[in-house]
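Take a look at this one chain, the form predicted alone, written out in structure tokens.
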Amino acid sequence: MAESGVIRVLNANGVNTGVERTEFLVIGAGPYGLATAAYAKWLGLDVTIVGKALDFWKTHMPRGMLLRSGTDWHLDARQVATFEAYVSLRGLRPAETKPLPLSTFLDYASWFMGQYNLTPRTAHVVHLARSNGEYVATLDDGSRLHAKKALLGLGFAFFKHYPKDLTRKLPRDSYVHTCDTVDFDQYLGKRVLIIGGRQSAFEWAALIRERGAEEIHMMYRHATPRMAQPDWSWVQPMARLALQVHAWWRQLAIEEQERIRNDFWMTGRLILEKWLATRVDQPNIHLHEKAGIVSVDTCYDGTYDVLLEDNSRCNVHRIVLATGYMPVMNNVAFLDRSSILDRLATVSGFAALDPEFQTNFPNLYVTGLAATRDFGPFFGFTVGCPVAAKIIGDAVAN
């Protein structure tokens, strides 16, 4: 008997055995998971998506955050329920979407889900194993799902990057990653050191200051970024090349891949949104470019004395690591060790994927940030959502 896209298996007496079956299991209800689930459902597949919708975006991104994405970045592989269609329907003015508030993107995602009658199962997978050619997911509500095909839409949560050459200099409990510090009211009257020099670092500095921090120091190893209007127009056409030739990125010479990554680095790190300029150019925000940490000492009052390579010193209550994310599949705690992780083909921590985003296990796919090694840096951004969704959906449907 079918119920909400899931087949419940009954025994001879008509009693639910607790085992449920679905054709295509999507683990993760972030942008990539939602985009793929919607397209696969439109193709007629029996799809079950597990996870709280946009949970990472809602709980690990701060109120007041503004996104760098353009209005041409969206979730729909069919190019119908686009962000531009949503803007038109809502009657939003350009000033309301440039820059794009996080809250507006979340509303778009909710609208998108409604267009495809997509309702994620609000549970978390605590264990995924491979058995008899199927994938068996155990959920935190105690139920189990059996699926012929599965997609890991892992997002960012498993991949917080803590550079060892940095953290070994920091006292335990002195630091926190940006995604784990989004309640800035706790910094009222406090002094903070932010390590990192990309968009998130500068935006966290602005938001923390605006919530009443006493003083903020920023430290990074490159030159101070320019505050200008970056040009992202070249990104979507390049991401969409994968629709024409799925393996185009991996077929590039290493030098060409590095050139494109460098373009991303130049646009994403050395040019920041100009709307940040006045918010960061403040007397209590101090920039330390091309610098690193020499030492950190814990003071009697629980604060930290920090010596930087530019010979400056600061005393802070908290250190915030804006050090980004680095996919390492071994960090995905719910993957079964013996049936999946120990035999999963990886390269530098990334799952090795075929041109359809499939791992070395039949019918097990990986998307989003964890796919950037084989598909290019575009897939760490929402711009890659409809591309990945179409490639994976078509592969799963065949």
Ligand SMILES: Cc1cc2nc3c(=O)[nH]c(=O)nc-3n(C[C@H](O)[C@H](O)[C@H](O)COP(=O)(O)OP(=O)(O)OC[C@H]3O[C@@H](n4cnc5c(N)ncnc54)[C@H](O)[C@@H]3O)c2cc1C
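A quick note: this is a predicted structure, and the numbers were derived from the prediction, not measured. Heads up: residue numbers just count along the shown sequence, starting at 1.
Although it is not shown, the form predicted together with the named molecule is what the next lines describe.
Undergrad: Is the named molecule close enough to G30, K52 and F158 in the predicted complex that each of the three has a heavy atom within 4.5 Å of it?
TA: Spot residues vs the named molecule: full contact, yes.
Undergrad: Which of these stretches, 59-67, 336-344, 356-364, 37-45, has heavy atoms within 4.5 Å of the named molecule in the predicted complex?
TA: Heavy-atom contact with the partner occurs in 59-67.
Undergrad: Within 4.5 Å, heavy atoms only, which of V296, L92, A123, A247 is in contact with the named molecule in the predicted complex?
TA: After the contact test, the surviving option is A123.
Undergrad: The named molecule isn't shown here, but in the predicted complex which of F202, Y86, Y135, W73 has a heavy atom within 4.5 Å of it?
TA: Flagged contact: W73.
Undergrad: With heavy atoms only and a cut-off of 4.5 Å, decide whether M219 touches the named molecule in the predicted complex.
TA: Residue-level check for M219: no, no contact with the named molecule.
Undergrad: Under a 4.5 Å heavy atom criterion, is Y325 part of the interface with the named molecule in the predicted complex?
TA: Answer yes; at least one heavy atom of Y325 falls within 4.5 Å of the named molecule in the predicted complex.
Undergrad: Does at least one non-hydrogen atom of G153 fall within 4.5 angstroms of the named molecule in the predicted complex?
TA: G153 belongs to the contact set for the named molecule.
Undergrad: Give a yes or no for G376: in the predicted complex, does one of its heavy atoms lie within 4.5 Å of a heavy atom belonging to the named molecule?
TA: No, no contact at 4.5 Å.
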